[in-house]
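First, one chain by itself: the form predicted on its own, in structure tokens.
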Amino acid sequence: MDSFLYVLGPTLVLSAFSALTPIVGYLEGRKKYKHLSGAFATLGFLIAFIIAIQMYVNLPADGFRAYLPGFSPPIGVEVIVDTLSMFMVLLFCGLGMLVSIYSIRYMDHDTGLDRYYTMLLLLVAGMAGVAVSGDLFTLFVFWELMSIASYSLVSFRKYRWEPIEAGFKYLVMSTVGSLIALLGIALLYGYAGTVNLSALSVAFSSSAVDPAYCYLVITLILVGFGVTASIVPFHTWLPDAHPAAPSSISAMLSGLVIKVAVYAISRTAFTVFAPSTFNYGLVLVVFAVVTATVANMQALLQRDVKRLLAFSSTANIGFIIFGLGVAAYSVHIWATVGSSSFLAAAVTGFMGALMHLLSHAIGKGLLFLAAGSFVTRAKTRNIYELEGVGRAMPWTGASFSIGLLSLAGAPPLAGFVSKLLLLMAGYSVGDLFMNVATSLMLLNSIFAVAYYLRLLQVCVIRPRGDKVKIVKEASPIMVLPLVLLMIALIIIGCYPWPFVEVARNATLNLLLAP
């Protein structure tokens, strides 16, 4: 029982703080302690982050598993700690803490903030729970916890019609996606009599299993979780949800929530259906190219800064899915022909996907928080009414610029490292299909530079427009998370090796697990 609670440490801490936040909010209202609930939530994130660091430092090379007493596998509840799950948990808790700090002043004029921080804590608790789940029942329970919190946060400003409409659209589409994923999980249970990931891996490694049945389940898992991941054509909720939600929640949606869906896809597919046996890498690559291309074309047409950033998030999900596709595709060829070069391409592809997940989470979190500061001061989301706002708000403008350049892939920033790994992996496979697909992703990366530079030129380089003549810098509490995220992008870009090593260990842990 102790080891089971230890693995769930960050999730339990966040859940406990979530349960206590309404009480703190009551005291805040009665005693007029301003920002008490925000400070309390930030403390919860800090404790969870420290626990996650301690877990990672003491992590055995092959990780470890724990079971709920009395409910051992193959039927019961299992939680796992390995490099990949801790990579995700650290990212969730770290960005969640910075968003909580930012929210203390950003949400200053809203009411019901105890409910806001309660949902924010539950959101990250659900994501951390998904990351450490060793069976699909536990994963789905935490997935729904995360989803319910995210629906509520998108619609938090319920006195306006836009958040209600966007939240309802998100609710409907995500619920349908969850049901499709649940159908896939039910089919897995119907065949194997278990939803434990390790037991399912053994069950579906048999040569007697029907390939058509397996590919049906893979499709259901990809589509079901792909709705929340914002994979084209299941992405239409995201550009509505981002502008409507508070910018702090947009940062969580784009930085973390859609990444949880990618994690669920990769953990389920790569564990249960070994890419060496099932050739679904080609499908992932096609989805990746289509997703990046469609989202980039739509992003270029936007005048709403938050809507543009939303489409940019979908395009970058395409890059992450591309890395997963290269890994699966290369492992399948490696199993067929036995050349170690394909295994190296697979490892590089998955590493690139994890590094891009990290760089995009930090960069897009930074951009949405900076955009929130711009919009709060200038009272507009129109890009051309934000002319020169970065000059009026120098710290926010500098951070915003670094975030844009990182996502554009400019060296020496984090986005350059991750995109380089992805392109290296794609071209190192060497066949015609992958060369064409990688070239299309390279063209998408170049194409995306156009709208990143447009944002940079309009919002930061141009002289101040009429809308921002009297705009001043945001509160230091709002600037602090931006500066920390900016520094993180620079450090990862200039000194990427420790982060690449963590990504490599996580990759080997998943791809080459027995």
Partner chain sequence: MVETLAPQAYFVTSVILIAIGLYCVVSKRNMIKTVIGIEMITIAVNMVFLSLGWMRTYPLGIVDPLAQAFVVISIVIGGAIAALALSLVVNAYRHYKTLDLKKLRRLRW
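Residue numbers count along the first chain shown, from 1. Predicted model, so just to flag it, every value in this text is computed and none were measured.
The protein also exists as the form predicted in complex with the partner chain; that form is not presented, and the subsequent description refers to it.
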Quick one: of Ala344, Val283, Ile75, Ala203, which gets a non-hydrogen atom within 4.5 angstroms of the partner chain in the predicted complex? Ile75
The unique member of Leu421, Ala361, Val429, Ala166 whose heavy atoms fall within 4.5 Å of the partner chain in the predicted complex: Ala166
Can you tell me if Asp210 lies within 4.5 angstroms of the partner chain in the predicted complex, counting non-hydrogen atoms only? no
Although the partner chain is absent from this view, report whether Lys306 comes within 4.5 Å of it in the predicted complex, heavy atoms only. no
Heavy atom of Ser198 within 4.5 Å of the partner chain in the predicted complex: no
Partner proximity in the predicted complex: Asp240 to the partner chain, non-hydrogen atom cutoff 4.5 Å: yes
In the predicted complex, which of the stretches 155-163, 371-379, 353-361, 270-278 has residues with heavy atoms within 4.5 Å of the partner chain? 155-163
At 4.5 Å by heavy atoms, is each residue in Met55, Pro69 and Leu90 next to the partner chain in the predicted complex? no
Any residue of 4-23 with a heavy atom within 4.5 Å of the partner chain in the predicted complex counts; write them all down in order. none
